[in-house]
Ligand code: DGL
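The chain below stands alone and is given in structure tokens; this is the form predicted on its own.
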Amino acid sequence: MDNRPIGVLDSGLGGLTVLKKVIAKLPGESTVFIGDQANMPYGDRSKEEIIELTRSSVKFLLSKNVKTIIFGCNTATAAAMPTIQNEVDLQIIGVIQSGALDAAKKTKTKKVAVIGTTATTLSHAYRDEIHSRDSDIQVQEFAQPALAPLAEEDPDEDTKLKIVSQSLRPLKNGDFDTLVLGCTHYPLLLNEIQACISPDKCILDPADQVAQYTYNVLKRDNMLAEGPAKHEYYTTGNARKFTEIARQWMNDPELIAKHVQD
């Protein structure tokens, strides 16, 4: 048994989509979430910048005595996780490995599309992870730099649908059966994405597999908590706006986010 919290980091709000699945799968676990909204989006930054920003969030989570850290950010997973894994002793869980595993299992035609930030797409992390499981799978990668900021801004529904529709136009009649949401902000736009993609396509949210893998790791290492669970939320950005959106997404009217310096 280990009642220390699970740490989750992201460049902004997107990691909440991972956190929500983790809490549902592991209701007895306490969590600490940090969203680096002051510096998002990460997707247009250099690898060196992403590593330094992610390192700062990891340092914050370590100060909260977490027992494991989930990189609830595809860009941080692709650019920073290999480096930071060598700098800390805790288990680090990334979203890309989980998403790639799920995609390799689910595709029937062996044709997969991935949408993500520019940095994630250019890293080819999803392609490489999927090919490590099945080299015959064809992987198409599409950078969608407008979507993460759109999810953070949370405009009216018509505006969201218009921007998502414009962004995903190249995928409308694409030759793939499985679409991986390669940015944790994208599930916040799931309704709009589904409206713009052929209904016969399978849309995968890697958060489902992340939650299952986290459970497996904690159970394997005898680190599951007994509860009661406590959840803390922090942002380097506007705590009031973060709280408003997070309350809706997490279905928790009592949720309060605190501001921390970036």
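Everything numeric in this text was worked out from a predicted model, so none of it was measured. Residue positions are given as counts along the sequence shown, with the first one as 1.
Only in words, not in the display: the form predicted in complex with the named molecule, which the text now covers.
Between the options Met40, Ile69, Val210, Ile34, the residue in contact with the named molecule in the model of the complex by a heavy atom within 4.5 angstroms is Met40.
Using a 4.5 angstroms threshold between heavy atoms, Ala148 counts as touching the named molecule in the model of the complex.
Interface residue remark: Ser98 is not counted as part of the site for the named molecule in the model of the complex, having no heavy atom within 4.5 Å. Interface residue remark: Thr120 is counted as part of the site for the named molecule in the model of the complex, having a heavy atom within 4.5 Å.
Interface membership of Val114, defined by any non-hydrogen atom within 4.5 Å of the named molecule in the model of the complex, is ruled out.
With the partner left out here, the named molecule still marks one of 101 to 109, 162 to 170, 74 to 82, 135 to 143 in the model of the complex; by a 4.5 Å heavy atom cut-off that stretch is 74 to 82.
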